[in-house]
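In the form predicted on its own, a lone chain appears below as structure tokens.
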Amino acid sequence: MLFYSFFKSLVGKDVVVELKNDLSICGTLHSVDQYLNIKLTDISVTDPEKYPHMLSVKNCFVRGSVVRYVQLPADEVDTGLLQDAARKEAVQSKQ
């Protein structure tokens, strides 16, 4: 649940989602669910020559199981808060 609540705090921010098939999609994070499925709006593809069929797509839904990486804006990530939350979750899971 840590990553779910973290991604919920990034709704409305621009992210880059890299999929396991090497497709990278830039867009605005519209929503995320508990399975880390991601909905992006105003998307663009980082390599339009390789994926010309994606040029006409403006919104997309990405299943969480096909995501390799999510690149986040560096100024939006509070690493101290994230580390504290991870520690608390680790302690709770041991009890």
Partner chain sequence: MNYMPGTASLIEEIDKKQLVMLRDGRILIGYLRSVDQFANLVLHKTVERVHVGSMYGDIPRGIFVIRGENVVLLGEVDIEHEERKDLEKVSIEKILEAKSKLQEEKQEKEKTKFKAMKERGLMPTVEQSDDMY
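Positions refer to the first chain, counted from 1. Computed from a prediction, not measured in an experiment: that's the story for all the values here.
We do not show the form predicted in complex with the partner chain, though everything after this point is about it.
Contact check for 19, 25 and 52: all three have a heavy atom within 4.5 Å of the partner chain in the predicted bound form.
Residue contact check for residue 4: one or more of its heavy atoms lie within 4.5 Å of the partner chain in the predicted bound form. Taking the partner from elsewhere, residue 70 is found to have every heavy atom lying beyond 4.5 Å of the partner chain in the predicted bound form. Among heavy atoms of residue 37, some come within 4.5 Å of the partner chain in the predicted bound form. The partner chain is not shown here, but in the predicted bound form it comes within 4.5 Å of a heavy atom of residue 59. For the partner-free chain shown, nothing in 79-95 comes within 4.5 angstroms of the partner chain in the predicted bound form, judged by any non-hydrogen atom.
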